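Heads up, the chain shows up twice below as structure tokens, two forms, tagged structure 1 and structure 2.
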Structure 1
Amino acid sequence: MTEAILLVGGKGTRLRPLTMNTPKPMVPAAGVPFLTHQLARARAAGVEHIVLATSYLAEVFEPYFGDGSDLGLHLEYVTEEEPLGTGGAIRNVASKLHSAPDEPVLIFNGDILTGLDIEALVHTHRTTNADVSLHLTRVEDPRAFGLVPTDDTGRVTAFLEKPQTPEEIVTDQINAGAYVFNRAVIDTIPAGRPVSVERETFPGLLASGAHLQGMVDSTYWLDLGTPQAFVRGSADLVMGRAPSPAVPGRCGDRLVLDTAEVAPDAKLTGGTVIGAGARVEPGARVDGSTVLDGAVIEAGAQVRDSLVGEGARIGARTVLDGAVIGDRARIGADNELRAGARVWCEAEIPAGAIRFSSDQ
């Protein structure tokens, strides 16, 4: 298998108010745009040609990645004029594929950070003679997901909606967002209209007698659908919990990019990333957080599990815990923002204006 489709879609809007016009796959995770990790892992698994199926702010991808040669890839781009859903997006790029009808095509989701063994998924697909193979992962609480039960051989038996009662939880297996399709199957997806793979394509294939094979791989898996998950994913990449050949440095507690300044007594832990040109002043503590280019963490500030946008400034002794600070925002000294607080781009909060803890 040398060909793949990368679905880069609408979930990026969840970060848009905090990162201006930068879609989530281009927000730096462990020092490089998140999409770089996806592309590098596919290349390491032997993929040479990738078609990016894009919609949201698609115009930023091609200028950055170009033809993909810097990553050892051949990249092409197809932009949806209207949202087509996962199945529709796959069908929409079919004309760019070079594979023969019986050859496998990898399809993966730009919003998922995973340690999936891509070569093992392709091997499973080939050895079981499947029409489509799916990466499945197990979750402790499957109520938020559609369920994918399989038989003793791993063959998929159904696609079930999110369970509403305990009796409906017949498995803890869910669709993890990576597939291998035989090229011919892609051509059976209706063209020119929205199509959901889980609600239409996969159930339709099952009903027609097609062979859908599941491969359960319970390695690292994280849906980056929220800013908190994005920060966690970046930290896990830095610490080596989520594998990627694109991390620009050794795995460890911290990743400090070139031209960043960190005071000798500042403490960086938990997979923290300090972007280019950013500054962390004396006595500051930054744990499990992403500090983007040009941001400033002033003396004595404490930042935990937070995203600090480009050019933002966090005042002295201010506490951030699970917060997201937009690009160029200014947080004055002695503030306290916790529990998912959001500060929009270029907003200003004066010194001592907000606290979350009690007066005691």
Structure 2
Amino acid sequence: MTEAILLVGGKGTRLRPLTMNTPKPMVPAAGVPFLTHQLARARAAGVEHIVLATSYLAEVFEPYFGDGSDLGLHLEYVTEEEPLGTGGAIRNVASKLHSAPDEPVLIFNGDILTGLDIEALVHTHRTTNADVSLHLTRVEDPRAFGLVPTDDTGRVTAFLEKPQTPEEIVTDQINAGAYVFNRAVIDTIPAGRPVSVERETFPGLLASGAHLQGMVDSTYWLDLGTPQAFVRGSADLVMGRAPSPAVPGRCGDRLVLDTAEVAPDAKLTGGTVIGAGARVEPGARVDGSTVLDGAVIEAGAQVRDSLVGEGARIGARTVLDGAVIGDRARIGADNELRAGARVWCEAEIPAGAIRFSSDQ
């Protein structure tokens, strides 16, 4: 039976100023903490034991997921005192693993939404006899990722994390943040200090002649590193483009959680989620957006591709497009916020204060 490590620590999250006491893996996507989707997908692929490697705001995970039995999993938690980096975090949980040295252990970055065929990755790992196997995906602009060129058998020839110069951009294949490690390889990572699996472990393994195998899988893939990506991912889950057994209810154009109140003539489209206890007033339109618990969208407001934090209030006729509104912020009536605007938690913007278009 394959077991897995889920990396959910690190220096924090770019959602942090917006969803104050919620680490990114716990911000709801399609109505449940994002991490639920990764856990449920791993379970569906036959994984039963998962160790969460946490550091930042670690104390919120265990009270919510407990021992994992609700998801049919056995979950354990390990909290780093100081962030140990991706490799250090993996090494730090090794004592919790049950696998024998030659058995495969799955490792997942905790901020990825993907339709990866996990069993196919394990299968590739076994059939190629690799030490480590990596899920690779192709992206238009690889600069924010780990570049992973392979030879014509799929064997990894180099690992270039966040390339800085044009000459380093040798491929559009990137590390998609899901690996299979032979247990014995995990034990070779140095303990007790920060290690980057991308900058130290992978290049070191390649230099020592280890077999790293890449599996290019061009299924749905999204790194939820920015609020905009997070909103996109949540909408794709609701619409069924991103497959997850943990989406509550049937997939469709919208997801309205219990106790939310939506006026009959309000329009909800494009994978919009309305959180518990939230209210959408008459004539409001919400498209491709995530409205968290207890938020209010007042009459005639238009919200597109935006994240509205818990308990936030969007005034009448206000327009949001690609905006992120922090928890409990209040945006007065007749404002217009577009193009990546971010409003911090609890901030207040008076009525008619901000416009992007002409004054008519």
Ligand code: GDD
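Just so we're on the same page, residue numbers count up from 1 along structure 1's sequence. The term rigid core refers to the maximal set of C-alpha atoms that superpose within 1.5 Å between the two forms. Note that the structure is predicted; figures quoted are calculated from it, not measured.
Taken from the structure described as the form predicted in complex with this ligand is structure 2, whereas structure 1 is drawn from elsewhere.
With the core held fixed between structure 1 and structure 2, A144 has its Cα displaced by at least 2 Å.
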